[in-house]
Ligand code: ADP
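Single chain ahead, written as structure tokens, the form predicted on its own.
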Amino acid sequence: MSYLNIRNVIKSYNNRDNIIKNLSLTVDKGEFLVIVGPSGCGKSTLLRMIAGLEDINSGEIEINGEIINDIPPADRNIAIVFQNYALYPHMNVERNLSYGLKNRKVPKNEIAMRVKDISKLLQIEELLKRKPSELSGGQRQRVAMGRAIIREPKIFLFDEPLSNLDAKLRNQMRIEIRKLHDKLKITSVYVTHDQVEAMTLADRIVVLNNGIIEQVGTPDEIYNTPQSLFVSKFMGTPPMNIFRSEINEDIANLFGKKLKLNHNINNNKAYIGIRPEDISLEDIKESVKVEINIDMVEKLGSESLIYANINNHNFIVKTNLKIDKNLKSINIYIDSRKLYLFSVKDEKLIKKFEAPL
């Protein structure tokens, strides 16, 4: 059931171009929704409008059937976790957790019980008497989350909460946040520019670009069936390889090789997309064989990335085979059953297709 409804929301600053452009979105009760996109796409602005920290120019935001446009932030019962933790430096952890409840006149015995339960849930019981300056980044983030949870809000909002942590700690905190959500089942909206966070945390992902929703879907849907050229290049590490191709009826020209598409299009040009992991270094059925010139081999433990050049186009191959770092050229086999076809006109997906040679 839809719990958070955003309808036709527009946001601009000082009469400049709209940051958020007539955006509509629904979030189900108990869902973990992740909004992902490049810097400046409007994702944090959207989150702040839900929280009431930014006004909207037009449109409606509704929570559980109630329009909240004119409700002050403090009265929306929404908890937000920021990337800089926003803890009170002069208060210890226990007081940071309980401060909001005291302001709401919650009875002392209930505050004590909630602090005990939350500190146990987040494994910060031994930190209650410490001040934020005495905590590590991961501990501060747990306290910030605890301060949000203890309020028992209608919705959790996360504004890039892990961006200040090192890579190892980010991985650990991602797991903890997802486990916490699975326990609490509180509707959550999480903003990040990190696609790995989006893919690992989300029930559904919203890909935002220049204030417009490019696609909404499950992580599998976003990755396996990107609906636009932007999504195909943004979601994926490394990103999808994209090439412009001449099309004659249903025959594409891919690096000088003819490829039967079994799909007629109205013009003679299209973009063809290929995921780096869908390229083999060994001959496979229904593949296109191409020789590539290698610029660099990047070894990543069990995997290697081959950075190559084909007809002046940069190209990346992802493989788990052992590769000599000094190799200058190699034959690759592109699986024609795993290609994507995008329109040159509007950059939308035409087809994810199976194309026999």
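Being a predicted model, the structure only gives us computed values, none of them experimental. Numbering starts at 1 and follows the sequence shown.
The same protein has a further form, the form predicted in complex with the ligand, not shown here; the description that follows concerns it.
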Which of these residues, 27, 288, 41, 317, gets a heavy atom within 4.5 Å of the ligand in the model of the complex?
41
Could you tell me if residue 64 has a non-hydrogen atom within 4.5 Å of the ligand in the model of the complex?
no
Does residue 334 reach the ligand in the model of the complex, with heavy atoms at most 4.5 Å apart?
no
Residue 19: heavy atom within 4.5 Å of the ligand in the model of the complex?
yes
Please run the contact check for residue 45 against the ligand in the model of the complex: heavy atoms, 4.5 angstroms, yes or no?
yes
Of 318-326, 31-39, 304-312, 56-64, which is the one stretch near the ligand in the model of the complex, taking non-hydrogen atoms within 4.5 angstroms as near?
31-39
